[in-house]
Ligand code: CTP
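A single chain comes next, written as structure tokens; it is the form predicted on its own.
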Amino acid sequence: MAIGVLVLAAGSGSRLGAAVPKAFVRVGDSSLLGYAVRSALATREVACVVVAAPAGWLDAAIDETEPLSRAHGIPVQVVPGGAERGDSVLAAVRWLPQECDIVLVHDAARAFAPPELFDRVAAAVTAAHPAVVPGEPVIDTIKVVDEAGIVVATPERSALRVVQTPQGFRRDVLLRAHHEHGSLASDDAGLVERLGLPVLVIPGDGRALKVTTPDDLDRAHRLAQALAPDVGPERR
């Protein structure tokens, strides 16, 4: 089965406080978008990568991704993203070749998710799971509170996971989930859950942190420094 990867980069990143959309913030020798696309292109069996970028930043996204596309010999298509996450997913998936039966949806903000994580998610979908997400155990105690701030429940930590991207799906399942429930969840797996289909959680990776705040960006700079010798050549 061929794999298509959607890289969502249309968010403004207001909480980061940057002067540019979050995906275009520079970290080391690249933008967050560049790091994310590098990992996507290094995924085994990937046939195409589609980037959903802010409407005013399409040329910048092309400038960032064209050299990577040439280096790997894999097409990267840049398309305008939408106002909501679901709009960007649907805008991007339309550009995937029909042979891409498996779709990985990845946030550019999780720029340092390694290619091995993409591979493991894709392999789990290939093994007949309709939806697969990476996740890590919750370390902190979580409280459920009501509108007045009163604790109403304390979930058992062993049953909780902090989910990451890339999230993987059969293409038909992803499309059905978005067409039926596209505006009702903060991640694509949540939409599949609403279809009543099983979502498998596999072990995540600490490098797949989401850059949201200035503190996260500091961590991203440290990751970029650690990865510096390895980010150039393709892994195929």
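Everything numeric in this text was worked out from a predicted model, so none of it was measured. Note that residue numbering follows the sequence shown and begins at 1.
What comes next is about the form predicted together with ligand CTP, which does not appear here.
Partner proximity in the predicted complex, defined as non-hydrogen atoms within 4.5 angstroms of ligand CTP, places exactly one of 142-150, 94-102, 127-135, 108-116 at the interface: 108-116. Highlighted residues 1, 90 and 170: none comes within 4.5 Å of ligand CTP in the predicted complex, counting any heavy atom. Ligand CTP is not shown here, and in the predicted complex it never comes within 4.5 Å of any heavy atom of residue 225. Contact annotation: residue 159 falls outside 4.5 Å of ligand CTP in the predicted complex, judged by heavy atom distances.
In the predicted complex, ligand CTP stays beyond 4.5 Å of every heavy atom belonging to residue 220. Heavy atoms of residue 210 reach within 4.5 Å of ligand CTP in the predicted complex, making it an interface residue.
Using a 4.5 Å cut-off on any heavy atom, the residues of 80-94 that reach ligand CTP in the predicted complex are, in sequence order, 82, 83, 84, 85, 88.
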